[in-house]
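The chain below stands alone, shown as structure tokens; this is the form predicted alone.
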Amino acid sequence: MKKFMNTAETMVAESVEGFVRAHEAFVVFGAERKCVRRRHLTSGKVALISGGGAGHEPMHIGFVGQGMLDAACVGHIFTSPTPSQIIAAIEETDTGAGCLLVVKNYDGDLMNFEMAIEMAGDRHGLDMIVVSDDIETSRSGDGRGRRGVAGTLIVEKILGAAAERGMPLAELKQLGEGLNTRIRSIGVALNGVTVPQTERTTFSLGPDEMEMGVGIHGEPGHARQPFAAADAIIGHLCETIIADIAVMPGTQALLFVNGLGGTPPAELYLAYASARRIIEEKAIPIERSLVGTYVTSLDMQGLSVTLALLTDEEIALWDAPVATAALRWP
């Protein structure tokens, strides 16, 4: 294993320190470095807090700033942040209107964020929205529901904009829950993930194989298939999404093609062109787009396709100004 690191044990702390120093205009460390928060908080606004294990960068710390998150907590690689980290983020960012916690649907994340709410709920107005956009886990039948993957970015952006406009906590939760039902994602990988602590890949593929339905923690997917041309791969992903989401007349869509860590931009844009053509052939108009590496699984060579069906209000919130390390538009 070759990685630009000193030791596996110090990699996350050193990486987060570099992130904060590189983006000092947007973020600072919270007390005892338990979270990364906005440099400038807005008094009286509901605070949005998220987090998860390291290895998914720029999610979530790259989404801290005006128009998105107020704070993010980073755990060890692919490991949930602790309740004490989450409570520290709550204490630092609650300016009077309470906090909404945006949580991906994984057992560890749910347990620790729920525990933080129990421990801090008597001092703060708190609520939680669970993101569950991954199609693959809904097909596995394990009863846990869909995982939260790349669609988390869309939820955080739209809720962040609504919070900036002064939407109260209960309405933000309602908006997020409705939005979550209209987002679907699925991923594909050409290799597994090399985890620094173990120095092994999470799964191995032959030279002519690919893995369909992968997660963002290096999990294998539902099927190992022969490698194919890009249009065939993207076609399978898009057809799976379209079959799983209710498209109503007048639907407006956001198409998000996300790199999982080791896929170059040229391939992501090729995949976007293919996905847009396939989806629009199904009479689903693409009104907004995002292409890039935002929700990663360390060095996985792969990508995910996300389709979000949005209302006029949600389109306007997506378009609202954002100023973070990873997303920025006026």
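Residues carry their position along the shown sequence, with the first being 1. Keep in mind that this is a model prediction, so the values were computed, not measured.
The protein also exists as the form predicted in complex with another copy of the chain; that form is not presented, and the subsequent description refers to it.
Screening L303, M68, V46, V27 for any heavy atom within 4.5 Å of another copy of the chain in the predicted complex leaves a single hit, L303. The putative spot formed by I233, A266 and V291 is fully lined by another copy of the chain in the predicted complex; each residue has a non-hydrogen atom within 4.5 angstroms of it. Taking the partner from elsewhere, P321 is found to have every heavy atom lying beyond 4.5 Å of another copy of the chain in the predicted complex. Taking the partner from elsewhere, T311 is found to have every heavy atom lying beyond 4.5 Å of another copy of the chain in the predicted complex. When another copy of the chain is considered in the predicted complex, L270 lines it closely, a heavy atom lying within 4.5 Å. Contact check for R39: no non-hydrogen atom falls within 4.5 Å of another copy of the chain in the predicted complex.
The stretch from 240 to 248, 155 to 163, 200 to 208, 171 to 179 that comes within 4.5 Å of another copy of the chain in the predicted complex, counting heavy atoms only, is 200 to 208. Annotation for 4 to 20: interface residues with another copy of the chain in the predicted complex are F4, M5, N6, M11, E14, S15, E17, G18, F19 [heavy atom within 4.5 Å].
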